[in-house]
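Okay, here we've got a single chain as structure tokens, the form predicted on its own, with questions on binding and movement later.
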């Protein structure tokens, strides 16, 4: 598998890096809190104008006709620039409509989503339950355009600025996909009380659509995490080179340089996994094993690099005025998005049942 980018991909990477640099939140002055921020409308408009929302979608539905690899490149630069946007969530919603919707539904909703005219995000998680691709307490009654939804979804990131939601709901013992306009939102909670909805496609198509959409969302967030890690490590190395203690730079202490070297190893493991996953999903959007492997490796690398970056920076790593804490907060949030590390590790472990024998690698 060739991990080398061609000239067009390098040009896309440089263009998105420039865009992200122009919209990076200010990291000084104490007015940027650590942790999830509000949707940056100006950055979102710039992302839409550059065509990044349609990278992974065909030209027939208003996309750019590129692939998951280009989407990953763009998301990496957005993560490096610490942009707070609904990019991954919008990609999940777009893939759900693209795969589950009828031709008429795609024509009605996808072009506006991909050009930024509307913001559609998914509502998948339910309060009090572990992450699951299936719906439990949110139910759907009726068929076609006469469907009503009842129940609560939470958390639903960016629901307060969304024009529509794509909701998973239980119809009998099966999970379907539904579109809701102007949802009733309270923070990150969305409550449905016989709320009118439009069923996207059939119940038969819904499971594959949900799996492919979440895989694409996972690729977007692990790519964003790769960008965050790729920015946090050089910041830490530079600090070790310039900050002095006992009259010498911190980098003069071998133990600290060894810890920085371990961070580099974690970063390269994550980079290889993300690149492999992007290429795997470009070939097969339903390759959930690749998505889970990326989620596990990036979750572990992100926790390692984030925690080490803060510790090696000392007290300033915890301040709101310094970017390394912001990167760590975002890495922590990403680890718990679309299933945490333990959930994906359990899914990979369960797949071992498909093998008659598992050979454990041992050192020679």
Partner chain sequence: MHLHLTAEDAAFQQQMREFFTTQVPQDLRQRWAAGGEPSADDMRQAQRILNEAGLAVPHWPVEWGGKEWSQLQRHIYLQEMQDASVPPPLAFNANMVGPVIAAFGSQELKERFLPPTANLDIWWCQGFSEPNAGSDLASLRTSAVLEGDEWVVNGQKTWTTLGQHADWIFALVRTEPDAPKKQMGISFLLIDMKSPGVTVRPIQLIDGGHEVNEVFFENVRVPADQLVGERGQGWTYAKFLLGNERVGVAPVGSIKRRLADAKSYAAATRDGNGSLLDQPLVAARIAELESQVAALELTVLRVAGNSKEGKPDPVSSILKLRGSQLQQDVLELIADIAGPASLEWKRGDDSETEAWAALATPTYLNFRKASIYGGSNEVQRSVIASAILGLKG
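Quantities reported herein were computed from a predicted structural model and do not represent experimental measurements. Residue numbers count along the first chain shown, from 1.
There is also a form predicted in complex with the partner chain; it is not shown, and the following applies to it.
Peer 1: Check each of 320, 61, 46, 64 and return the one that places a heavy atom within 4.5 angstroms of the partner chain in the predicted complex.
Peer 2: Flagged contact: 320.
Peer 1: If we define contact as a non-hydrogen atom of the residue within 4.5 angstroms of the partner, is residue 346 a contact of the partner chain in the predicted complex?
Peer 2: Because a heavy atom of residue 346 falls inside 4.5 Å of the partner chain in the predicted complex, the answer is yes.
Peer 1: May I ask you to check whether residue 202 falls inside a 4.5 Å heavy atom distance of the partner chain in the predicted complex?
Peer 2: No, residue 202 sits far enough from the partner chain in the predicted complex that none of its heavy atoms falls within 4.5 Å.
Peer 1: Taking any heavy atom pair closer than or equal to 4.5 Å as contact, tell me whether residue 125 reaches the partner chain in the predicted complex.
Peer 2: Yes, residue 125 lies within 4.5 Å of the partner chain in the predicted complex.
Peer 1: With a cut-off of 4.5 Å between heavy atoms, is residue 247 one of the residues that contacts the partner chain in the predicted complex?
Peer 2: Contact check for residue 247: yes, within 4.5 Å of the partner chain in the predicted complex.
Peer 1: All three of 256, 328 and 337 touching the partner chain in the predicted complex at 4.5 Å, heavy atom to heavy atom?
Peer 2: Result yes, every residue of the spot touches the partner chain.
Peer 1: Counting only heavy atoms and a 4.5 Å cutoff, which of 130 to 138, 226 to 234, 110 to 118, 95 to 103 contacts the partner chain in the predicted complex?
Peer 2: Among the candidates, contact is made by 130 to 138.
Peer 1: Can you tell me which bits of 105 to 121 touch the partner chain in the predicted complex, meaning any heavy atom within 4.5 Å?
Peer 2: Not one residue comes within 4.5 Å of the partner.
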